[in-house]
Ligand code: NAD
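Consider the single chain below, provided in structure tokens and representing the form predicted alone.
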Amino acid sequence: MDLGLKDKLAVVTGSTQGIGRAIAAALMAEGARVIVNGRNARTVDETVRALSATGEVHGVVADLATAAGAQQVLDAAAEIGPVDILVNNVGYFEVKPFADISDADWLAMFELNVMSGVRLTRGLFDGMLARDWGRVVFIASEQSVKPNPDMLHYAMTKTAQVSLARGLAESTRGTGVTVNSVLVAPTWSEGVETFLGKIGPEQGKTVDEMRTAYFDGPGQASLLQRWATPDEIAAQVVFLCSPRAAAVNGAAQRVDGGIVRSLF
């Protein structure tokens, strides 16, 4: 199926690995031009080299936990052309009991996971409205609706993204612009593997054992009963970025493997 994304210009934040990189690759496979982003020049350059075999890709090294970093991405995008698609993917998670989460922890999580999307959307949204076409997608999480008590600062940011997307969508009434969020399932990525590699020894388990044990604990409700792949998440995101998803606006789309026990 042709999703109608040829020559569209997309910005995908946090796109040197995991879900972000999979989204960038999937957009390029549909003919889109993509701006990838990360904090590390080496990984940004490697991503650009790897993806350039399939189309036009640009890299921007910037720390999106800062206003200056967001402006770097906006400035770089302005030199390339009008942005049609913004995927607010960058973010991080942390497991920490509520009593141990400091003010600095709360603020750092909010700055990257939420304010990066606020700043970039603010910089690109009016242009999309003026051109009467655009797509903004916030990569949220199943934690948006079922917060883990040991990840409350992370869950808070994911819920905030859903609220942002719905509120921004109200400003698109009668236009060709849409704003949606995606409630992502537990997904196997480099970040998750590294995290489990750190905590596994404390529990006397290997990464593979931890990977399986998740579905006997926090992931017990999952209907998928396995970790989603970045490519599986990317497939839904790329659809939302396409003209074929024109009737989907203001939605919190679940790609959660059925882990959320809810009808709506």
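Sequential numbering from 1, following the sequence displayed. Worth saying up front: this structure is predicted, and the values here are computed from it rather than measured.
What comes next is about the form predicted together with nicotinamide-adenine-dinucleotide (NAD), which is not displayed.
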- Report whether all of I19, V90 and L112 sit within 4.5 Å of nicotinamide-adenine-dinucleotide (NAD) in the model of the complex, measuring from non-hydrogen atoms. yes
- Message: I'd like to know whether M128 contacts nicotinamide-adenine-dinucleotide (NAD) in the model of the complex, with contact meaning heavy atoms within 4.5 angstroms.
- Response: no
- Task: Although nicotinamide-adenine-dinucleotide (NAD) is absent from this view, report whether V177 comes within 4.5 Å of it in the model of the complex, heavy atoms only.
- Result: no
- Does nicotinamide-adenine-dinucleotide (NAD) get within 4.5 angstroms of any non-hydrogen atom of E190 in the model of the complex? yes
- Message: Please determine whether R226 contacts nicotinamide-adenine-dinucleotide (NAD) in the model of the complex, using a 4.5 Å cut-off between heavy atoms.
- Response: no
- Query: Can you pick the one in V237, I35, A62, M28 that has a heavy atom within 4.5 Å of nicotinamide-adenine-dinucleotide (NAD) in the model of the complex?
  - Reply: A62
- Query: Though nicotinamide-adenine-dinucleotide (NAD) is not shown, can you say which of A77, A185, L124, A165 has a heavy atom within 4.5 Å of it in the model of the complex?
  - Reply: A185
- Item | Per-stretch contact check against nicotinamide-adenine-dinucleotide (NAD) in the model of the complex, the hit in 215-223, 49-57, 202-210, 62-70 (non-hydrogen atom, 4.5 angstroms) | 62-70
- Along 108-145, which positions have a non-hydrogen atom within 4.5 Å of nicotinamide-adenine-dinucleotide (NAD) in the model of the complex? L112, I139, A140, S141
